[in-house]
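In the block that follows, a single chain appears as structure tokens, in the form predicted on its own.
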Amino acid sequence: MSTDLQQRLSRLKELIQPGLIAYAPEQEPRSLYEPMRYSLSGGGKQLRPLFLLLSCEAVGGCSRDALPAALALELVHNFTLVHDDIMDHDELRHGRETVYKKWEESTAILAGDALLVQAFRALAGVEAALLPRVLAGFTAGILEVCEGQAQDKEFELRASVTLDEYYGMIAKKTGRLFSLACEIGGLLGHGTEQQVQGLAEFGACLGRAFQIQDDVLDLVSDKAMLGKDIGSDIRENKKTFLMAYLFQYGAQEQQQQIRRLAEKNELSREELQLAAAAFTAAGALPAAETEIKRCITLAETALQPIEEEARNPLILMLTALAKRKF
């Protein structure tokens, strides 16, 4: 990532983080606001608000004008993380205890609910003329995220899912907020309809590539680098890209090996290596890399309505995320 882009991202983060914390003030009851602040100060990448602000600037808009929507989107994202960690029994996020582990489930549920409420409060700062359209997209997007999470949990109870089913699920659970971020950014930057639509398509491709890479990292990264438990997707019977591909195209022996590993409460480094070998032999890991590259190409194409120099930061960010190690 270029120095210019890093400086630009640092400038935008200096707008985002103080704005977020303002929605979790140090006031009573502490049992509500302290877990909210903890969630918002966890060292996350803040990708969705960053892409919203970059999309706004890409069409000639001012990032400060889009900040309320960017904060709202990050508040929603944190709401989903707090609740997802409970549903997925994840104990670590960003190298720290998850909210429900540090406090308790009921506290985490309430803190997540309050983050969602604050997201709608943040939207009050959106340009009045554009607020109805932003609000409509915002509410529809949150519902799709919930639909995607519901499908993800349903899939855990099934022996297998197809790749098409997997793609449909992640388009909602992961892709929708990225797509919404880029779309709203273009809208608040007063981009043309063609530019706004292109940004929405870019975000959808970004979300797909991001989730597939996330699936791969759960297998091949390490706990210290990733900041959360690895191998949890196999243990929880998550229908990741790798799992969907394996059970659609892999040999019976490879499928049985993964099923045996999924029965374990914890996977050793050696067992994770065995799983990686099985996914590689089935062609799943190479296929993941191929699909990520295809998504990058489609995302770049979607940005054609935007001038080359203006769209470069978005493309650089996309490429960096698709190759990330954590």
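Residue numbers here begin at 1 and follow the sequence given. These numbers come from a predicted model, not from an experiment.
Form predicted together with a further copy of the same chain: not shown, discussed below.
When a further copy of the same chain is considered in the predicted complex, F79 lines it closely, a heavy atom lying within 4.5 Å. In the predicted complex, at least one heavy atom of H83 sits within 4.5 Å of a heavy atom of a further copy of the same chain. Interface membership of S31, defined by any non-hydrogen atom within 4.5 Å of a further copy of the same chain in the predicted complex, is confirmed.
Residue contact with a further copy of the same chain in the predicted complex: Q27 places a heavy atom within 4.5 Å of it. Residue-level contacts in the predicted complex: of L110, A171, L92, A251, one residue has a heavy atom within 4.5 Å of a further copy of the same chain, and it is L110. Among the residues Q255, Q194, T162, T139, the one placing a heavy atom within 4.5 Å of a further copy of the same chain in the predicted complex is T139.
Contact check at 4.5 Å (heavy atoms) against a further copy of the same chain in the predicted complex: all three of L116, E147 and E154 pass. The candidate stretches are 211-219, 196-204, 117-125, 176-184, and the one lying within 4.5 Å of a further copy of the same chain in the predicted complex by heavy atoms is 117-125. Taking a further copy of the same chain as positioned in the predicted complex, none of the residues of 40-56 brings a heavy atom within 4.5 Å of it.
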